[in-house]
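Only one chain comes next, encoded as structure tokens, the form predicted alone.
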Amino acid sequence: MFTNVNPEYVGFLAAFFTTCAFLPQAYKIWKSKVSEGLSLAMYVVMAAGVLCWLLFGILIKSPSVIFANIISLTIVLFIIFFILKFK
């Protein structure tokens, strides 16, 4: 059924959804200037995991994994910055 589907297309689709999952939180913290209730530890661990996925993507030369994790890492670091700034 999926034999004709390029795995990178599926990867980019997955990347789109998982990366977009961080956007509402990033927007909310940016607009409200409030980080109360957000876990700094969770976002630091998430950043470490995303960094590992980025390195994995580089090692296997997967554009979808690389692209998704560059964007995700940027958003997660943005959230961490604002958690620290508005603490």
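Small disclaimer: the values here were computed from a predicted structure and weren't measured. Note that residue numbering begins at 1 and tracks the sequence as displayed.
Keep in mind that the form predicted in complex with a further copy of the same chain is missing from the display, and what follows is about it.
Whether Val34, Met46 and Val50 all lie within 4.5 angstroms of a further copy of the same chain in the predicted complex by heavy atom:
Yes: each residue has a heavy atom within 4.5 Å of the partner.
In the predicted complex, is there a heavy atom of a further copy of the same chain that lies within 4.5 Å of any heavy atom of Ala21, even though the partner is absent here?
Flag for Ala21 set to yes.
With the cut-off set at 4.5 Å between non-hydrogen atoms, does Ser64 touch a further copy of the same chain in the predicted complex?
Close contact is absent here: in the predicted complex, Ser64 is far from a further copy of the same chain, nothing within 4.5 Å, heavy atoms only.
So, in the predicted complex, is Leu77 in contact with a further copy of the same chain at a 4.5 angstroms heavy atom limit?
Because no heavy atom of Leu77 falls inside 4.5 Å of a further copy of the same chain in the predicted complex, the answer is no.
Give a yes/no on whether Ile70 approaches a further copy of the same chain to within 4.5 Å in the predicted complex, heavy atoms considered.
No, Ile70 stays farther than 4.5 Å from a further copy of the same chain in the predicted complex.
Heavy atom contacts to a further copy of the same chain in the predicted complex at 4.5 Å, residues of 23-43 in sequence order:
The stretch 23-43, when checked against a further copy of the same chain in the predicted complex, contributes Pro24, Gln25, Lys28, Val34, Glu36, Gly37, Leu38, Ser39, Ala41, Met42, Tyr43 at the 4.5 Å heavy-atom cut-off.
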